[in-house]
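Take a look at the structure tokens below, where one protein chain is shown in two forms, each on its own, as structure 1 and structure 2.
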Structure 1
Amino acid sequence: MAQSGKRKFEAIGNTGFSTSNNTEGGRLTRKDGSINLSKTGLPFWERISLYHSLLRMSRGKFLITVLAFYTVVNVLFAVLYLAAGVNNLKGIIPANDTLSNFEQAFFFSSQTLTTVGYGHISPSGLITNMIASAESFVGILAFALVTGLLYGRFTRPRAYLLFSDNLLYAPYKDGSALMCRVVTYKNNHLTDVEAQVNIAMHITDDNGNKVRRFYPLPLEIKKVNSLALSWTIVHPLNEESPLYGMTMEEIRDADVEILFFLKGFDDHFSNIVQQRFSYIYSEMVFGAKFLPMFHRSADNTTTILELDKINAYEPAYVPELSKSVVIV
């Protein structure tokens, strides 16, 4: 263990991150919960899952992508119809103007692709009929794709978890503890929620080399039956903690990143959802405690959870920090 010759902590090697000091850049977990990592060495299309990218894309981007796809396919087929001869589109008003012809071919294409098929324009001749037959087939496949994508987007399990911006170094029983808190912000509900917390620290090993080591941080409560209200996750700073006795300066110098991983069963998705987040030194607040974020309703019939108070805290005296405490 880094800061104390006496207490020994077992570093763990199963966090999925490397322990060498200089291979990883930046923080390990980005603020959106993804791992800070990029991959090379395979072509883009093999490195990406198109389906899942379309699932994770924002709503706006997704609609634009689908609309762009619809337009491009219509343009392509319109060009094919023109190539096959505009006179093979019965009902069209032929014009010397290519743009007007294209326009009409484009709308015939869209009527075919969506299978609306009014029929005031209809295909004739082998080639044009084949193109139209192919296009309506493409339309059906595309429709199937869109159905699957929309369904996939709605049913993709997400944790809908809100966590506090800061990790507080707060009073706890007779001593102190690190605390953050989480709530579910939608009308969903998690059960059997488990938190796993590890700390990444840069220390000097026995050979004098700067290395990164990972240590688990024990929690007051590791698993809750139900995440209905807010959950304040508490890591007591006692002798079980690798941070016990460290000063603020030592914590800063160790370039810590405290990695949270939450997992629970969500009743919306009837599936396991998970969320990853982390705090670095600059996101820690020393000498503070959270304010309550729920209260009884005025008519005393229900409980109100105030989601906008997730970050509300007030200064608090912390014994261990008595000398170095900075009231924020």
Structure 2
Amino acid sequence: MAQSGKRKFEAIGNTGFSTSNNTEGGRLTRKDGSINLSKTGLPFWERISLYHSLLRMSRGKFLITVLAFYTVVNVLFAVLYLAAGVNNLKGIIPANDTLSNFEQAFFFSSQTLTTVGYGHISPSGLITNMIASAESFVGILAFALVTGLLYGRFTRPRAYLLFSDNLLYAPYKDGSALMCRVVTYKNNHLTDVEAQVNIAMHITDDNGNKVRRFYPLPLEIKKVNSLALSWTIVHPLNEESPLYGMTMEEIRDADVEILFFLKGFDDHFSNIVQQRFSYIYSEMVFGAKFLPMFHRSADNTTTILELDKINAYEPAYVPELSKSVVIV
């Protein structure tokens, strides 16, 4: 149980994370939403799903991977053509140096792999024709797979949610609250967006052991019908909060991590999308409030949402922080 003043709170036991203080390694959730976890105990090729890796990697890495695969396959087949003899490639201009012959075999391989076949060079003999036939088959399979991956990457549902860099300890009504801001940064639209927020914190149990416990954080509004503009997610620091009455130093010593789980319906994908995010103590700003990030257009015909202002905040007075050193 966590103790805040005289109130106790029931911990969550089904988060999927360990409660042992001796098994953790840094934050639970990385800034990109992935779980901070490394798996061992099995060979690398059994722990890796190539399909998932190719779908999730960045555009640059994906293009480099495809280009590397294309180059390696052409190099291997060019070596096979050279091993079979350059005299079995009609139209090739034999040279005295291996590099020139390899260059011609490499470009013939690229033409065969892509089934372009300009006709300048053609295979001759059983062995060379078998190599060319095998390469054409590999090319058909490879381009089918790459096309499928491109389609999968292009159509994979994503939330495209942008979170503020900081979690603010801000004034709220007659007290205070924790606030973060989230917005969709693409031209997609989410409806029925629901937020769930948990906190992981270190406490001392009844036996004097340091353990990690998870508690739900009640929200001012946990669901919005439409995420058209920005949404400031607010957790009031009242008697229903596990953090109620805690000072900055106590929050720091508890080594807190606040976990956000958002899901909503994307009407473009016609599917449910979700995204994770988290904040640790060093990403919290005490005594601040967010500045507006949308306004009316000059001609009064539309609303302007300024995405570059999602992190904009200003100092704000919070009475209960007056006993602590205010960090802004």
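The term rigid core refers to the maximal set of C-alpha atoms that superpose within 1.5 Å between the two forms. The model shown is predicted, which means the values in this text are computed figures rather than measured ones. Numbers follow structure 1, counted from its first residue as 1.
- Only structure 1 comes from the form predicted together with a further copy of the same chain.
- In the core-superposed comparison between structures 1 and 2, D267 has its Cα shifted by at least 2 Å.
- Superposition of the core reveals a Cα shift of 2 Å or more for A105 between structures 1 and 2.
- Remark: with the core as the superposition reference, the CA shift of I131 between structures 1 and 2 reaches 2 Å or more.
- Core superposition places the C-alpha of I93 3.6 Å apart between structures 1 and 2.
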